[in-house]
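Below, in structure tokens: the form predicted on its own, a single chain.
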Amino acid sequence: MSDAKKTIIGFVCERSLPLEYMLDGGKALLDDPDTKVVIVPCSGMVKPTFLETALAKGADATFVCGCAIGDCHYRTGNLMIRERLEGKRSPKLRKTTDRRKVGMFFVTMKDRTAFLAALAEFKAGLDARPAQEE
């Protein structure tokens, strides 16, 4: 990743990560202050427009983090958002949305380290990914 600071907005299910130990008072990740978190009750409530709005308001990238697949507290929330972001379920991301800037992670409370590694990889890939084809 370039040395340029990236602003990342994440919509994170409150049941997927131990957020009470991971955030500062401004909802930034303690391990990655460039990443701001919006805590949601379930990743399934996240609509693609949330991500599109974050990008339109100046975020360099955005992501959704939900419970591990097969372990959603509300049964299918993580499947719903995954299908929306993959374009298999409505509402979908607009075709004009730069998908290189949209990530998704599905983890359990025990996967904090794995989540941070996946987030770092996502951020590093932002500069490495080729331009999106129209």
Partner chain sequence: MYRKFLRLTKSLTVSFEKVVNFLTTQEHNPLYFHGALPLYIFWFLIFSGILLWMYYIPTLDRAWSSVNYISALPVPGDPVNEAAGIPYGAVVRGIHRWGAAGMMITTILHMLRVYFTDRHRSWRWLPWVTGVALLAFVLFVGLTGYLLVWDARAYYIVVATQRLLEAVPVAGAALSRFLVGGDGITDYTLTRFLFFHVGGAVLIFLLVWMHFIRLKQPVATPSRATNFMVLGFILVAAGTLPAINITRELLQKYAADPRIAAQALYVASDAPAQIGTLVDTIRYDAWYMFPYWLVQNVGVTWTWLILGGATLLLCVAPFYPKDRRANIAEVIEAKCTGCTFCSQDCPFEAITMVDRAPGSKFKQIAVVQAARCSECGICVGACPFQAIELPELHSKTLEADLLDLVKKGA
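Residue numbers count along the first chain shown, from 1. Here the structure is a predicted model, which means the values were calculated and not measured.
Beyond what is shown, the protein has a form predicted in complex with its partner chain; the following relates to that form.
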**OP:** Indicate whether its partner chain has at least one heavy atom within 4.5 Å of a heavy atom of residue 100 in the predicted complex.
**Re:** no
Original post:
Counting only non-hydrogen atoms and a 4.5 angstroms cut-off, does residue 9 reach its partner chain in the predicted complex?
Top reply: yes
Original post:
Heavy atoms within 4.5 Å of its partner chain in the predicted complex: does residue 71 have any?
Top reply: yes
Subject >> its partner chain contact at residue 39 in the predicted complex, heavy atom, 4.5 Å >> reply: yes
Original post:
Taking heavy atoms and a 4.5 Å limit, what residues of 50-89 are near its partner chain in the predicted complex?
Top reply: 50, 53, 54, 57, 58, 59, 68, 69, 70, 71, 72, 73, 74, 75, 76, 77, 80, 82, 84, 89
